[in-house]
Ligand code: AHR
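For reference, the chain that follows is the form predicted on its own, supplied as structure tokens.
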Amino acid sequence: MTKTAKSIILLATLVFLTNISIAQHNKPVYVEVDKPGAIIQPTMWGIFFEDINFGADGGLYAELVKNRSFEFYKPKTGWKVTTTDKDSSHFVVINRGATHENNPRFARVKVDEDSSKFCLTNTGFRGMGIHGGKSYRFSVMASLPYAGDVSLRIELVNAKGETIGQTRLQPSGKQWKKYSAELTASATDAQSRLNIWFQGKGLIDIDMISLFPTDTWKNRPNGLRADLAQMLADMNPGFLRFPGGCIVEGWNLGVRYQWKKTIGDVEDRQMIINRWNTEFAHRLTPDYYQTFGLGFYEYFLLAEDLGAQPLPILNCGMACQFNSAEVVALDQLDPYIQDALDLIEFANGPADSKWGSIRAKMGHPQSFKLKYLGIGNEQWGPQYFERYLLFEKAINEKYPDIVLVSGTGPQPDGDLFDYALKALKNTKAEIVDEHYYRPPVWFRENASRYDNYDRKGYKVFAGEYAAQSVGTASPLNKNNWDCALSEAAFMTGLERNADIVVMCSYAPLFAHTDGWQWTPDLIWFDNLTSFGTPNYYVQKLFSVNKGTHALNMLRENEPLTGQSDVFASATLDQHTGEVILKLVNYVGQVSEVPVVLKTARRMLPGASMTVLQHSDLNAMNSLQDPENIRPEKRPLQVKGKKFTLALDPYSLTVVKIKLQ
């Protein structure tokens, strides 16, 4: 056969296959509106929070002072002493040891009228983000142990050293007291720092040095950075999972997360090193600690403020298996199990119970209405399941209404996953956490992952997922449009299988542009501003357009799971009477999709369409261009129950149609 003949046959084959694809693509998609299927749980789309990438300290937690109580491994981390006096005794850090176990250190400053000026400077978390025109509350615990007269001049200076705000305090007496004052910034600067000038004569002891914006989210003292918290609220999340993630485990059990050390008065909470401090050689972060100013009480408050179900995750007696693989002996597991039982009482117990009274004293006498509790993060193997079963037995006996979340390990397939599936049959597992950190193509290829899951088995929590543009844990991963669009394709499969999948959350949530350890991440921020990635807008579009019931959306009796690179799901919102269609077009040209609504209801005016689209799969958002990829509302004319949607190239489209 000649080359010309081969070329003609190849061309004819391509034309034939293209015509078949076009023919299939032009066949109508039927939405069975009058046959509502699985209930979409209010918890369907939620938030995974972990203190990674400066997510809490230096991020969502609005405290601007780093190492405010001198408890870091190097007590002067974040601080700089400025004096021209050569006498080094002007500043010492005193360790009270066992008499103040949770917060042993404080600073003692000697102030002499005849000596040069003495200044203590805090540089914040890679600088302090100060907004001009806004007020800030400075506070400090102070004591004058001997007779003396020492005053403080508190000063904010910008990166050039120019004063942009100041106030004064006059501590007095030997008793430790909290002193506070407000100041208003005259200019905006991302790299500001705090100066504390000491004047007068005598000794002064200081601890818990703090600077907060007064406009924290919901104006709560010891509160949250308003712009970051509002981005979470805008997602209308169904649940808040906290405090992680691997942060729950610690690289060994000595630095595991212990919720009881994160409640009560802030100054009594015991700080620990953050496990992401030196986790990655390429992103060493030696100044990363957990002060627990954002602790379990604050997490419960945040969930309540968001209207989301709290989902705390507790250590199950196992450290990170990727690090030390340390486990507590089974005959010594009781304290861990008791922590779980006590947490339920802290969240739900009456105000006169042991742990409920602590919640009430902190300002919340009412129950937090805890329903879900996770045991372990992403542990695997027999070590996990033999411990999980002991938790399950104790919790089910005392609190049978609490729904437990177990896990299948760090991978969505493979030997560890297969072992977990077998082990889960011996448990009373209600919800099982599955994690997926895979290339974008995996998410598109697995849009039908749950179509054939056992309908009589456990429910699924898609607890951590994010498409990896380069590879898992690679510092080169990007939050590009390819990743976000592929996740959207996968999410149509999660929504379509709402009878199996009851919780979903992207991970990780936050990342500081100067202090990150892991990529990709949902929301990026610096000291002043923040932006949502394309992935954020995908998550938000699904969450705020949830619906109450899944609907069949079929072409030739099959769901759209990538045929002609179109993925789709449909829901009905019985509260608003709306049909909600979500369609992903993963091709670089317009795709026309004929749609037929199979319903006896009359259509009402007011159809709408929201499109998230970009022609370049490598496109991203940034601090400089935060809305490069953002949702766009467009007019939509739907005159009957049969209509054609023209899907933009590389797009996620959400259509809402009102019915009688």
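In this text, all values refer to a predicted model and were calculated from it rather than measured experimentally. So that there is no doubt, residue numbering starts at 1 and follows the sequence shown.
In what follows, reference is made to the form predicted in complex with alpha-L-arabinofuranose (AHR), a form of this protein that is not presented.
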(request) Answer for residue 56 alone: is it within 4.5 Å of alpha-L-arabinofuranose (AHR) in the predicted complex, judged on heavy atom distances? (result) no
(request) Look up in the predicted complex whether residue 377 has a non-hydrogen atom within 4.5 angstroms of alpha-L-arabinofuranose (AHR), and give yes or no. (result) yes
(message) Considering non-hydrogen atoms and a 4.5 Å limit, does alpha-L-arabinofuranose (AHR) approach residue 542 in the predicted complex?
(response) no
(request) Spell out, yes or no, whether the shortest heavy atom distance between residue 48 and alpha-L-arabinofuranose (AHR) in the predicted complex is within 4.5 Å. (result) yes
(message) The chain here is shown without alpha-L-arabinofuranose (AHR). Which stretch in 325 to 333, 431 to 439, 99 to 107, 547 to 555 comes within 4.5 angstroms of it in the predicted complex, by heavy atom distance?
(response) 431 to 439
(request) State the residue from 461, 276, 567, 384 whose non-hydrogen atoms include one within 4.5 Å of alpha-L-arabinofuranose (AHR) in the predicted complex. (result) 276
(request) Check each of 518, 300, 531, 259 and return the one that places a heavy atom within 4.5 angstroms of alpha-L-arabinofuranose (AHR) in the predicted complex. (result) 518
(message) Within 4.5 Å of alpha-L-arabinofuranose (AHR) in the predicted complex, counting any non-hydrogen atom, which residues from 499 to 527 show up?
(response) 507, 508, 518
